[in-house]
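In the block that follows, a single chain appears as C-alpha cells, in the form predicted on its own.
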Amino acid sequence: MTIDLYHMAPSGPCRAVRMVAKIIGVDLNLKNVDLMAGEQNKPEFLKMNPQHCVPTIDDDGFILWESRAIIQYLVNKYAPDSSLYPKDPRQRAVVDRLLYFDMGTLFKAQGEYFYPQVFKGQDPDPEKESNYKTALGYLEGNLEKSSYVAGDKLTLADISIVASLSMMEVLDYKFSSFPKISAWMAKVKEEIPDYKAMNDEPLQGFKAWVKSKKPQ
C-alpha cells in the first residue's frame, strides 16, 4: 500500500514523516505542495484539509495532518512492534512528552526566532534567541540523562526533534554551546537511513532560496 504524502521538501515536519516512513518500510507517493505559490489554498486541497497545512497524508481515503499525529499513526498501523514508539505505557508516555515538548516549546520558540529572519529579512532578535536557548537548555538537560531524547533507543521523538533543529542549518546556526545536543544530532543523522537525501539536500535548496531573497 502506498500512502500519498502532501509535503514541501524543506519543511521539518514533512521531513519527519518521510524519515519515519523510511525506517518502517512504508512507501510514500510524494505530492509537492508549493506553499510559496499558495498551492495549499487551492480548492481541491482545502476540501481535503481545511487547515491548508503540510504534511498531510491520504491513506486509502483516510486523511490526516499534523506531523506528530501522522508519525504515531504510521507506526501504530504499519509497525506496531517498532521500538520507535514503545508499547510499554511509561516508555510511550516519555516519547509523547518529548513530542509535545517539540511542538509546544522547542519548535514554537525556534519558529519565533527563525521565521522573521527568513521570511521578513529581519535581524536576529536577542530576546527570541534567549527564549530559544532556554528551550534548547531543557533538551540539553534531558540528554544528560539518556543517550536519546526519550531513553536509550531512537524513537519518534528523536526524529521529530532532529527534523526541527536541522532547520536552523538554513541560518548556519551553531549548537556548539550545547554539546549534548550537538553529539546527539550527529549520531541520529548517521543512524537514520537516507538522512542526507531527505534532509540535507532540500535544506541546502531552501538555504539558497533564502540567500537569493536578501538584498545584494
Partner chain sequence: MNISPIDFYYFPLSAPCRAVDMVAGHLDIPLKKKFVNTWQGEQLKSEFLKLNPTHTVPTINDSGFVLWESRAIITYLADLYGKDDVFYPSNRRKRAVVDRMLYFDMGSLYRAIIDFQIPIMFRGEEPDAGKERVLLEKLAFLEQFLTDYPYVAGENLTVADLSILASVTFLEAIDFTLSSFPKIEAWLQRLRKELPYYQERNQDAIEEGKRMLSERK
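On a predicted model such as this, the values are computed, not experimentally measured, just so you know. Numbering follows the first chain given and starts at 1.
Omitted here: the form predicted together with the partner chain. The next part is about that form.
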Residue contact check: residue 92 to the partner chain in the predicted bound form, 4.5 Å heavy atom: yes
Partner contact for residue 97 in the predicted bound form: the partner chain, 4.5 angstroms, heavy atom: yes
Any non-hydrogen atom of residue 140 within 4.5 angstroms of the partner chain in the predicted bound form: no
Heavy atom of residue 169 within 4.5 Å of the partner chain in the predicted bound form: no
Site check 180, 184 and 188: each within 4.5 Å of the partner chain in the predicted bound form by heavy atom: no
Per-stretch contact check against the partner chain in the predicted bound form, the hit in 161 to 169, 52 to 60, 31 to 39, 146 to 154 (non-hydrogen atom, 4.5 angstroms): 52 to 60
Interface residues of 60 to 80 toward the partner chain, as seen in the predicted bound form [heavy atoms, 4.5 Å]: 60, 62, 64, 65, 66, 68, 69, 72, 73, 76, 77
